[in-house]
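Just one chain is shown here, as structure tokens, and it is the form predicted on its own.
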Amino acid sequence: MHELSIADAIVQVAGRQAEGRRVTKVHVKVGHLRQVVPSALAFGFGLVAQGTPVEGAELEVETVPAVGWCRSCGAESTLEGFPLRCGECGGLDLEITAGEELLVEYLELEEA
């Protein structure tokens, strides 16, 4: 369950950025290729946030689909399943252009 270590990193980032204020919401973008289970991430987030300024905050997860640019045919397509194949020609020579994200996009904080 790598989600627990990801949740811990999210809480650490949010806590540092909050500068002592209570965090009410954390919005994260998670790429499809990160293979994060949102329910496991939410569970881990609740555990590791206990006793921090992030405790009780809502975790909002935005899933970003995997997208790739095909070096064979030049098409850009959404990638689903493995192996990753071009949606147009079925080629495997792809440059991943989205879906590897894992970032805290924004926080909502209580007013000071």
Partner chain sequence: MHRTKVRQVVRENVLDANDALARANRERFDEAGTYVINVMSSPGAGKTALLERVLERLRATLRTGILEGDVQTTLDAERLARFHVPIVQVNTDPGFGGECHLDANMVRSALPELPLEEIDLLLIENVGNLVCPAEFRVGEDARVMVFSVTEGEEKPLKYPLMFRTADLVLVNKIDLLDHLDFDLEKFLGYLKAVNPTAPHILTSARTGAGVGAFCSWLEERLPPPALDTPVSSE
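Residue numbers count along the first chain shown, from 1. No experiment lies behind these values; they were computed from the predicted model shown.
The same protein has a further form, the form predicted together with its partner chain, not shown here; the description that follows concerns it.
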Is there a heavy atom of Q35 lying 4.5 Å or less from a heavy atom of its partner chain in the model of the complex?
yes
Would you classify A40 as touching its partner chain in the model of the complex, given a 4.5 Å non-hydrogen atom cut-off?
no
Although its partner chain is absent from this view, report whether E100 comes within 4.5 Å of it in the model of the complex, heavy atoms only.
yes
How about D93: is it within 4.5 Å of its partner chain in the model of the complex, going by heavy atoms?
yes
Within 4.5 Å of its partner chain in the model of the complex, counting any non-hydrogen atom, which residues from 63-85 show up?
R71, F82, P83, L84
